[in-house]
Ligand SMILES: O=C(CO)[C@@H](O)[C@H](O)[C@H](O)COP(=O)(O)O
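Shown next as structure tokens: one chain only, the form predicted alone.
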Amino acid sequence: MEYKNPIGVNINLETGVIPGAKKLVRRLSDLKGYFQDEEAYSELLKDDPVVYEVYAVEQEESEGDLNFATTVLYPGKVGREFFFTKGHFHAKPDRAEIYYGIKGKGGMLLQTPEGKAEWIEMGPGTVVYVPPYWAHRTVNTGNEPFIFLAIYPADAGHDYGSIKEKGFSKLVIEENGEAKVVDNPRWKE
């Protein structure tokens, strides 16, 4: 049997950066069609801000192994809707995931394939368990970067297409200075 070598990395808890990790940058232009207010989206797209960055330490896609990543989700809104990650199901839907809040304020929007949704607020020290078969998206509801760690099976994969096609059944918007979860009028069952 050939053994993998253990690794240890330091996460910068102020910036969320994992030195040497694979970096993914998602700009507003990468989220076309995800936000409700198309006019506000088009206006903000002129600057095409970075919405989030991911720093991933990935293994080969093998059963029993784990990947981990930090995400730095920047503050902002498109219209009244807070900045969020694309959100996904796992390509192998029976895989779970753990999230750990490091810095900032936000939450996780989760939903079943049928559209049953749950909202869990997150901050530093919050652990969220994402059960198998649940889609999940993080949302920054604060005014500073929302930084969190995700730990997930290396063979889980990402199914972004289902979310791109149907969206989430709920939206997280700002109302009277607070985050509020509301029905998504464009949700497709």
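One-based numbering along the sequence shown. Small disclaimer: the values here were computed from a predicted structure and weren't measured.
Not on display, but discussed next: the form predicted in complex with the ligand.
Contact segment among 49 to 57, 36 to 44, 118 to 126, 139 to 147, judged by heavy atoms lying within 4.5 Å of the ligand in the model of the complex: In short, 49 to 57.
Exercise: T71 in contact with the ligand in the model of the complex, heavy atom 4.5 Å: Within the cut-off, so yes.
Non-hydrogen atom contact G87 with the ligand in the model of the complex at 4.5 angstroms: Result yes; G87 sits at the interface with the ligand in the model of the complex.
4.5 Å heavy atom contact, Y99 and the ligand in the model of the complex: Yes, Y99 is a contact residue.
Close approach of W134 to the ligand in the model of the complex, 4.5 Å, heavy atom: No - in the model of the complex, heavy atoms of W134 and the ligand never come within 4.5 Å of each other.
In the model of the complex, residues of 151 to 177 near the ligand [heavy atom within 4.5 Å]: The stretch touches the partner through Y152, H158, Y160.
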